[in-house]
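To begin, one chain is listed below as structure tokens, in the form predicted alone.
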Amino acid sequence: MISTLTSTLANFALLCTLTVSAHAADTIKIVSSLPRTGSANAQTTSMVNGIKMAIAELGAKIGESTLVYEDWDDASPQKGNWDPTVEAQNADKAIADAEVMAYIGTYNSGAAKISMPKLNAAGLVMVSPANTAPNLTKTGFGEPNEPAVYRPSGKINYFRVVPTDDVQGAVAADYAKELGATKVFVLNDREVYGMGVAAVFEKRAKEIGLTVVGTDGIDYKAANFKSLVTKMKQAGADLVYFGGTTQTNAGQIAKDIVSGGLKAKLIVPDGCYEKAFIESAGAKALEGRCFITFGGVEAKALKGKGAEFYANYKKTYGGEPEGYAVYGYESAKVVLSAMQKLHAAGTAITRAGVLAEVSKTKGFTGALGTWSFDENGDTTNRVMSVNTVVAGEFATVKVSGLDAGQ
């Protein structure tokens, strides 16, 4: 009997050892879904670099588990931009891989609409470093079924570390008035993000006494917008607002405004806050006449942990980060912090656990200052900057909503 008991205990000990060893070899995956094909590549490469930095700071480990990061493209060569089919495939792939504990993305708000309900039903946390369309999380900005349609489980699994367009569009309109504009023409690219931010700008412009002399949705695949410029001249516009991105031809609009002789300022949102916009428009078409809003401040102006991020980024990659690099970094840091809390509590790192911890994020002190996720999954950070182009580089002209933690 003793011999049998001894043998049983030995086998149990061996089983425990094997179980611990198996746990030690566990892999925890974090994936991102961003447009890596097309002109957004420079911006998203910078964001991916930020994610990699956050993981490297932990030695790519949570306890004995190995952190593995996979950089997924949600764009296609055919579109040269994000592709609904590819984004859907990425979401499905993440759901099917039991090792995936977090999904960082998307870059485009339209892409988020594709993956949000899928990931929500699967209980997989999604943290966006760049989506700004308010209707993804708030009522009153889109269709009657938004945002409920993105939450089939009835719970929130989607979070974002960037301020939304109901803040950005209003800041842009207020700045238009500061510039002395009286007659504004509002354009959008007919995409979710562009239409949303343009609508907020238009609403705020009317509230503060600006005259909206025209609105239009463009075909962003058009070779040029010369006829549209003629229309804006005839309307007497002294400022043009374009709700869109570099990828939806903001650069061509800027060039045509200049070549068409329209003496109007141009304001564009954060989808154009990337070097690719300056390259596509040409600095001469932007300097002294174009202003770009951005949710946050330029990387070199970050304070505290943000300043540390900036210095480490330059040291690691040998160059300046694009505007959204720090948001990729912060997204990863939030997810990793949740995993670390689970490990410290001796709790298994599961999708449900990570989601629960991310949802509790309050008073998070990171590279973007001190902030929390609100009841919608949105950041409480409201810092916005207005930028222009000087000598071929972005330069900040105004910052609003700055607090002591930034």
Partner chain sequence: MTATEVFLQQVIYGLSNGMIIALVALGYTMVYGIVELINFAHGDVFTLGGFLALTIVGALGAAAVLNPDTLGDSSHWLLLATLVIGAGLFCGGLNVLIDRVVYKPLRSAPKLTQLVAAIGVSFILVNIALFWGGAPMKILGNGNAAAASKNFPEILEGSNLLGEESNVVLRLEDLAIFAVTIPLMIGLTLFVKHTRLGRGMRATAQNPIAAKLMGIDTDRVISATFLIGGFLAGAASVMWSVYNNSISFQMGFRAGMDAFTAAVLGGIGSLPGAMIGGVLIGLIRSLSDGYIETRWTNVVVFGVLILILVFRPSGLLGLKQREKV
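Residue numbers count along the first chain shown, from 1. Basically, rigid core = biggest C-alpha set you can superpose within 1.5 Å across the two forms. Remember, it's a predicted structure, so these values are computed and weren't measured experimentally.
Note that the form predicted in complex with its partner chain isn't included here; everything after this is about it.
Annotated contact segment (heavy atom within 4.5 Å of its partner chain in the predicted complex): 255-263, selected among 136-144, 255-263, 165-173, 325-333. In the predicted complex, T211 stays away from its partner chain, with no heavy atom inside 4.5 Å. Taking non-hydrogen atoms only, R289 never approaches its partner chain to within 4.5 angstroms in the predicted complex. When its partner chain is considered in the predicted complex, K226 lines it closely, a heavy atom lying within 4.5 Å.
Although the partner is absent here, K221 sits close enough that one of its heavy atoms falls within 4.5 Å of its partner chain in the predicted complex. For the options G304, P84, G282, P117, the residue carrying a heavy atom within 4.5 angstroms of its partner chain in the predicted complex is G282. The listed set V192, A276, A88, I156 contains one residue whose heavy atoms approach its partner chain in the predicted complex to within 4.5 Å, identified as A276.
With the core held fixed, the Cα of A283 is displaced between this form and the one not shown by 2 Å or more.
Relative to the superposed core, R190 undergoes a Cα shift of 2 Å or more between this form and the one not shown.
With the core held fixed between this form and the one not shown, C272 has its Cα displaced by at least 2 Å.
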